[in-house]
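The data below hold one chain only, encoded as structure tokens and taken in the form predicted alone.
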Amino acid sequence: MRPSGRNFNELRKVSIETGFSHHAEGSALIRMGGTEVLCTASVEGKVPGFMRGQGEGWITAEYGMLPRATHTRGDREAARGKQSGRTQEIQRLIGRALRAVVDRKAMGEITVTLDCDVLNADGGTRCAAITGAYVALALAFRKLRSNNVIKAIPFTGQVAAVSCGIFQGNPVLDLDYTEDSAADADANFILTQGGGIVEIQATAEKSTFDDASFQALLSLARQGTAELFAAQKAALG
């Protein structure tokens, strides 16, 4: 039995609330168990200098955690004067995940910035951020289309992310903090609804894992993301 009482292939309770931020072009508050991430999409009518004149849009992301999102207070990175390597790695991952399912030529020269702020952390924050950011981006695209800024929604697919791991020798889906901190191995799977793999981050924490274990984790991730795709669609109506 897992510490949470869940079955090995069971997600934590998932909810996605849209329109949480009153001013952003798109926003979604995603809850996965005790993890809560506010994702907002902000639109600018320009692209970074390195992309000017190419007729393509740009999607980027920023990620951060509130000081008491975790069990003990963490310093604000702004107060330290620089972002941690973890923060930079995660926000680049979020940007890559969303760009993987967007036709940026169909965007025109605009930038969408996805801000993913962790309100409460209980494991899987980067995966929740990617899953919620897709919804926020979809809402921003709808607003751009309704304002005739773009002709059509430029998505080429749907993307979501989930963590899996080897806990007490068993493959399990959607690790919470208790499992993540004690896992033999853990992995983050970023997948598309069409079956594509955007990125996999897999690490042996206490012991290595074999091909069969990896395939078991991938199978669990596909099952979990199928449920997350459905939650995204329900949130978007």
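Keep in mind that this is a model prediction, so the values were computed, not measured. The first residue of the sequence shown is number 1, and the count goes up from there.
Omitted from view is the form predicted in complex with another copy of the chain, to which the following refers.
Only one of 114-122, 129-137, 162-170, 144-152 places residue heavy atoms within 4.5 angstroms of another copy of the chain in the predicted complex, namely 114-122. Using a 4.5 Å cutoff between non-hydrogen atoms, V47 does not count as a contact of another copy of the chain in the predicted complex. Remark: E89 counts among the residues lining another copy of the chain in the predicted complex, judged by a heavy atom distance of 4.5 Å or less. Of the heavy atoms in D103, none are within 4.5 Å of another copy of the chain in the predicted complex. Using a 4.5 Å cutoff between non-hydrogen atoms, R222 counts as a contact of another copy of the chain in the predicted complex.
Using a 4.5 angstroms heavy atom cutoff to another copy of the chain in the predicted complex, none of K13, I16 and I59 count as contacting. In sequence order, F20, S21, H22, H23, A24, E25, G34 are the residues of 10-35 having a heavy atom within 4.5 Å of another copy of the chain in the predicted complex; the partner itself is omitted from this view.
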